[in-house]
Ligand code: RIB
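Single chain ahead, by itself, as structure tokens, in the form predicted on its own.
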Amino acid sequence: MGRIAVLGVFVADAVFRAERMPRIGETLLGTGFQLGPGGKGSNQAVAAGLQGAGVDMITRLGRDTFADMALGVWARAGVTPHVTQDPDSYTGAAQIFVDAATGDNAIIVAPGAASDLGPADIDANRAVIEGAAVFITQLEQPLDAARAGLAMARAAGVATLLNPAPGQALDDDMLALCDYITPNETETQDITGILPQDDASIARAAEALKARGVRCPLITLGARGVFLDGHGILPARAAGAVVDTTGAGDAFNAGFAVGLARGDSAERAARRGIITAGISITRHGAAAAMPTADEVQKGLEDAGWV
């Protein structure tokens, strides 16, 4: 299996659960609390590492307790850190509200030291990026860092994967650097102006992404599954009762990246991503919910996708 280079953010997730979401100005009594590792890039690195991939994590941290948490969770998942630590900043943190009845969530992220990621960090990790089979990034760190990483990977013939979250408008030059892009419904609308609500609008949105330079768009559709260009909607497969969707997108992206690093087709890689996400949503937390290689393999076998 080829290596996966991840550019992204670590944050410590402070997860609050309640019977419903709070209204503005309202104080609710919660039903649970959990503090653990998160951040889209870190979650994806951990999930890929747990599936046996060689993973390199490029980011910035502070020098604090949350940085210790990051380094510990990466070590346990077999992720190799490529980290600059800034003693004058803080390691990122996120406040996550989870509706206990539905598993839906709302999130505020403060990236901290990772806000200073830039092209210099990409240059410093050229060997890591150019030596990877897959390069994956998101939009929690500054856009110029993501753009520089995608450009370096593309120039070296590395498969490029952009998870465009949190959603924002992206220019054509950025999209043209993406072999694969994995927006959800709202992120798709942010990029294309089209909300993928039905088969026709999903297809229009995918064509709009391709017209702007993306080689192969995937649109994640929550409980419906994932639209993969050329294959239609691949159905979701929850491994049990849904309790927390916090890390579902990260789980899908990691499983997809692992599939690509294994040399699988985009369809087989997407099915691996679906199984990874389908297991993660049956557990609480983000990084803590990511399945092992054996669990994913069993899920693929149970689905008849091997």
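One rule holds for the numbers: they count along the sequence shown, beginning at 1. Computed from a prediction, not measured in an experiment: that's the story for all the values here.
This protein has a second form, the form predicted in complex with the ligand, left out of what is shown; the following refers to that one.
Checked against the ligand in the predicted complex, the candidates Gln51, Asn43, Thr59, Ser280 yield a single residue with a heavy atom inside 4.5 Å, and that residue is Asn43. Per the 4.5 Å heavy atom criterion, the ligand in the predicted complex is contacted by stretch 93-101, the sole one of 93-101, 119-127, 210-218, 192-200. Using a 4.5 Å cutoff between non-hydrogen atoms, Gly39 counts as a contact of the ligand in the predicted complex. A residue is said to contact a partner when one of its heavy atoms sits within 4.5 Å of a partner heavy atom; Ala151 fails this definition for the ligand in the predicted complex, lying far away. Contact annotation: Gly273 falls outside 4.5 Å of the ligand in the predicted complex, judged by heavy atom distances. Proximity of Gly247 to the ligand in the predicted complex falls within the 4.5 Å heavy atom cutoff.
Every member of the trio Val11, Ile107 and Ala286 reaches the ligand in the predicted complex with some non-hydrogen atom inside 4.5 Å.
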